[in-house]
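Take a look at this single chain in structure tokens; it is the form predicted alone.
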């Protein structure tokens, strides 16, 4: 099969698609591929079965090893790219996935059938060419012959409504023109608008810019919130007033820190890569430091609230409302609430939490279970700390509790 034949099979939806990693990125992509007519192999060794409705789709098959690679014409890598404990890029999931693909290719030979490999995981510029490509070449694949490789960063924002996966434009950068053409054809078949980047590096950097932009602006408004607090000014009113300008201003909201899979992580990916080029990204690193410091400020606010009732943090019962990193999702990755709970416990507080979407969590090495939000639960608390306000949260119950309340999200107005 030549690349032209592969392109036509992609355009017709007759190509076989493999999705490596069936998490919050891979599962929706696999479902969209099924809906677009493709036969889909879901490859994920870490789950017993994929979520519904994917697992019951007639065009979908799940495997926990890489034997399905031999049946695929298109392979999309959607694996995590977290930080190490030293806040450097953790590429272990990408490396494991590529080793699995390379091993399957080496064992089957594929008979010269071309394979399009697309990396969607957020990473630093150079990942596609430096981490993904070499193992595939060592497995005997040749770029431009039987291997086509591209980068197309995922752009999912969990919990955000109004943007279906197919409606989000995709940035695509191939290692060569043919790779870009094939990846373009694949995402076009999925119903996505495609912006062609000239290289994987451009596409990789574009994803980091998107999230660093948000991280820097969140850091700015968080610092403004600290200044406003010191000056006795309501920062929420300040943001509301500034947002009336129809140009030159984008509204970002202050909060207790940043969480999630990308925004808290990506500045560190870019800073790490920049230093390899003898460039010190001071502005980006400063934003990261400001946002990482916010949970410590929240600790101070809780101390102030308790002090107003003649109590100290040590020995006080603090009820944390919401441990997910944002409203409407169950994701606790990099959630500032976990750091705040750790800090509170470290100061001697007796911490409990309520989160309708997160039944249990670990913070600072201690396991916690969510409590039902009842009058009895509120009666056991000395202070309420609102970290995340899910849509189903009974705000009036909190407002009427009579307890000192620290509202980091302005949910109560």
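Positions refer to the first chain, counted from 1. Predicted, not measured: the structure shown is a model, and the values here were computed from it.
Note that the form predicted in complex with a small molecule isn't included here; everything after this is about it.
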item: In the predicted complex, the residue from 317, 333, 292, 195 that sits within 4.5 Å of the small molecule by heavy atoms; value: 333
item: Listed residue that, although the small molecule is not shown, lies within 4.5 Å of it in the predicted complex (heavy atoms), from 172, 78, 340, 182; value: 78
item: is_contact(residue 261, the small molecule) in the predicted complex, heavy atom dist at most 4.5 Å; value: yes
item: Contact flag, residue 234 vs the small molecule in the predicted complex, heavy atom cut 4.5 Å; value: no
item: Contact of residue 398 with the small molecule in the predicted complex (heavy atom, 4.5 Å); value: no
item: Contact label in the predicted complex: residue 166 to the small molecule, heavy atom within 4.5 Å; value: no
item: Answer range among 25 to 33, 344 to 352, 368 to 376, 383 to 391 for contact with the small molecule, defined in the predicted complex as heavy atoms within 4.5 Å; value: 25 to 33
item: The small molecule in the predicted complex: contacted by all of 11, 73 and 176, heavy atom 4.5 Å; value: no
